[in-house]
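Only one chain comes next, encoded as structure tokens, the form predicted alone.
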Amino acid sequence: MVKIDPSRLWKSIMETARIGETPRGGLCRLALSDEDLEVRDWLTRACEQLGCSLAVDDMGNMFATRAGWRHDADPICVGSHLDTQPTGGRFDGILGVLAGLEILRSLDDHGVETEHPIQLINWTNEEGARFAPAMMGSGVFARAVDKGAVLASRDRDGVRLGDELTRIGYRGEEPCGRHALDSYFELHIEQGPVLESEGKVIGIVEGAQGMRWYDLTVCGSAAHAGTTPMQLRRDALVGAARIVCDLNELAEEMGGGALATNGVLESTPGSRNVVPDRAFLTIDLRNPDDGVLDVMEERLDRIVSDRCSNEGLEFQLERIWSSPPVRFDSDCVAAVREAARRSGQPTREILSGAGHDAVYISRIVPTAMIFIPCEGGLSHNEQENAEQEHVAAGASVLLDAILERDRAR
């Protein structure tokens, strides 16, 4: 039986955690930053040492391929991403890539010859923290996102994504989405508390909830903080803050898994004694049901319009990204379920509340995901943590599911 090396996998996670490490023990490895370049180079060296062929497409997605004995077979793929949030952790995304690397190493250790090529993928800019929206590399690959628009997108400093790809040397020549995949598997920490609270080690992911992102700009009028009466102000920040509260109440009122988040709120001119004339905020709506998301979007429009009208403010609301709910491939999920059963670990079926590269890739090839617990359900947080034995269990189930897929095809 092929087994992974748990200590080697853990060592890889700890070694890469030094690249972009923050003072609080987390990671800041934004997409296409110098830190992203460093970890990409680390992965390149590791894959070259295994004798894998390495390709990079024009979105910067990396593909390391271990050959199978069938030269006409499409690759069975495993992967995730290496970029992080500004205050991210050591496991989000990273686990999926490094578990895939460990699988390639373990297959070599045991001299296993698979029928299909096994391909490890690092997708570009999954997080969407520097360049919005999220999951750009996989989105372009799946033909769900326009490549030209993505390459032209800019970060908050006005830097173009395409220019950064060129700068770090990871803008390849292969057109993104050109080569075929047989299937795709992704291992990830849950990023929530369910598995840990129930004492489960393996989450068999059935699909992912839908999400929609919006940018909202609220405009008022700058005024002196000491001479302008409250009732005569057109305070853009106050209007934006009330919209934030309204959206929080909306999600609570709707229940049933409805979620609303405002992750960014900024105002200008940014002086303590000037009434803000402009406020910018981001809006993230999520639900497992697309129909519910439609209702939430309708209510969002009304909330913003009513609030701004009542307070004498102007606004611009734009939906910048939408990802509908998905169900993963039944055969691939069955392969994960069987691998989890053979592992003897406590398992449960689960729905992903977060977006993943697997969501986009599921549009074009059979796809499945595996979750393991994370401590306290924390993710997108420097304190993010996972137990070494759970990491090993998840990687073992991932390997077994891939081999199951290879035998079945």
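Quick caveat, the model's predicted, so the values are computed rather than measured. Throughout, we count residues from 1 along the sequence that is shown.
From this point on, the text means the form predicted in complex with a further copy of the same chain, which you will not see here.
Looking at a further copy of the same chain in the model of the complex, do all three of Ser7, Val56 and Met62 come within 4.5 Å of it through at least one heavy atom? Verified in the model of the complex; spot residues all out of contact, no.
So if I measure heavy atom distances to a further copy of the same chain in the model of the complex, which of the stretches 163-171, 183-191, 96-104, 298-306 falls within 4.5 Å? It is the stretch 183-191.
Here the chain is shown alone; which of Leu151, Val145, Ala222, Val292 has a heavy atom within 4.5 Å of a further copy of the same chain in the model of the complex? Contact check passes for Ala222.
Glu249, Asp331, Glu338, Asp109 - the one with a heavy atom within 4.5 Å of a further copy of the same chain in the model of the complex: The option sitting close enough to the partner is Glu249.
Give a yes or no for Ser379: in the model of the complex, does one of its heavy atoms lie within 4.5 Å of a heavy atom belonging to a further copy of the same chain? It does: once a further copy of the same chain is placed as it appears in the model of the complex, Ser379 has a heavy atom within 4.5 Å of it.
Taking the shortest heavy atom distance, is Val326 within 4.5 Å of a further copy of the same chain in the model of the complex? Val326: no contact with a further copy of the same chain in the model of the complex.
a further copy of the same chain contact in the model of the complex: Asp215, any heavy atom under 4.5 Å: Yes, Asp215 is a contact residue.
Residue-level question: is Val159 within 4.5 Å of a further copy of the same chain in the model of the complex, judged on heavy atoms? The answer is no: Val159 has no heavy atom within 4.5 Å of a further copy of the same chain.
Though the partner is not shown here, which residues of 234-261 have a heavy atom within 4.5 Å of a further copy of the same chain in the model of the complex? Residues within 4.5 Å: Leu237, Val238, Ala241, Arg242, Val244, Cys245, Asn248, Glu249, Ala251, Glu252, Ala258, Leu259, Ala260, Thr261.
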